[in-house]
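Alright, two takes on the same chain below, each alone as structure tokens: structure 1 and structure 2.
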Structure 1
Amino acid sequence: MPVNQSFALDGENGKKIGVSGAKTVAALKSHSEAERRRRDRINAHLETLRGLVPNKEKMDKATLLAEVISQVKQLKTTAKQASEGLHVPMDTDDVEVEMLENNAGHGSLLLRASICCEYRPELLSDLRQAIDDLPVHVMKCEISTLGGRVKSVFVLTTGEGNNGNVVSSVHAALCNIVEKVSASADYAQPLFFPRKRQRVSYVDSSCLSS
């Protein structure tokens, strides 16, 4: 049992531990209480984490944290590759054009073009105009939005003949759109439709990177 009464004894530095010692004791007590609260807070979070790992209970703190680490890494990779497959917009602007199939010299090329950028109201019509101006046909189009950002993927075919530098011209056209985005960078309401306030926190896609 700790001493919480103050006796008239000499401290090591010659300081009296008398009536003033009561204050010291009180301060000490609040200190230990604060520390106790800190521990409780940390342990509460650890308890929450214990509920999020598959192994359920019975795990010491260190291995629990190790488990959480591997969980996070695992989830990151799966979420990343899954979102790649599903064309979820990342938070870095991006334009990609790749050739899916080169139909043996003459005839049509099959392209896959994607653009990822912040949303703005004229984006869709700009896209449509850009594609219309190119010597391509849209076979398939996919538009995804997440947290105010947009990713759009096109599967395109070229007509006969004019397949010289279609790839680069498509790329340039899409880049124009992205840059026009960053030009009119003042924020506008997102496409579809976080017009109402977003109650769920956005997915920070940067956390999917590493």
Structure 2
Amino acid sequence: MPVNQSFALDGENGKKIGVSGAKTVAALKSHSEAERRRRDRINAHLETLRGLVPNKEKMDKATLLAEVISQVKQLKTTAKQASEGLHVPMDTDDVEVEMLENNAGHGSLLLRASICCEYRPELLSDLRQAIDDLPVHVMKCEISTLGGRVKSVFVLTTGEGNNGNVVSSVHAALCNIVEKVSASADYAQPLFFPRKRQRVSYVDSSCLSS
């Protein structure tokens, strides 16, 4: 009994090939075309990078990427230096606590603590509660925002005889707040502060201490 077979014509050499072979050829051509478009996009991006780096000499891809990495690191360093003392919120969550002065004769410490994270409506109340639970008093508080990020910097003092592990206690309390903010990120309300705008405000210490 004769068997019906379907054939397709290979456009490159004019030979007849089976249907499965035709599908294979079509898939290979599609893959080749997708790969060509991918290479074109990569080359276009590399040309853009070449136009951004100060070095105008012809560079191979590896040298170009190394130069871009170096430039980005330098820009980050410059940005960090420029923002020192300005308390500008950064893109990464951060908690820092340092001792400014140790008044051993009076049994007290002077600390500076900072927390940087996403803004949440409950953030200030959480900060107040955390500080109320610590053996410290707020002498100064500065809060700055940039887009949806907020950075709070506190100058704190301890009472006499309350030194102990107060630095680690303050650090742990602020870290807990950052973790809480991160955990609630998926359920957060719309950001109160407008995007891409910085605000700096000084808050009376009585707002954050009892």
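All values reported here derive from a predicted model rather than from experimental measurement. Residue positions are counted from 1 along structure 1's sequence. For clarity, a rigid core is taken as the largest C-alpha set superposing within 1.5 Å between two forms.
Peer 1: Of structures 1 and 2, which is the form predicted together with the DNA?
Peer 2: It is the first structure that is the form predicted together with the DNA.
Peer 1: State yes or no: after fitting on the rigid core, is the Cα displacement of Ile143 between structures 1 and 2 at least 2 Å?
Peer 2: No.
Peer 1: Align both forms on the core first, then report whether Ser114 has a C-alpha shift of 2 Å or more between structures 1 and 2.
Peer 2: No, the C-alpha position differs by under 2 Å between structures 1 and 2.
Peer 1: Would you say Val153 moves its Cα by 2 Å or more between structures 1 and 2, aligning on the core?
Peer 2: No, shifts by less than 2 Å.
Peer 1: Give the C-alpha shift of Leu64 between structures 1 and 2, in Å, after superposing the two forms on their rigid core.
Peer 2: Its C-alpha position differs by 18.7 Å.
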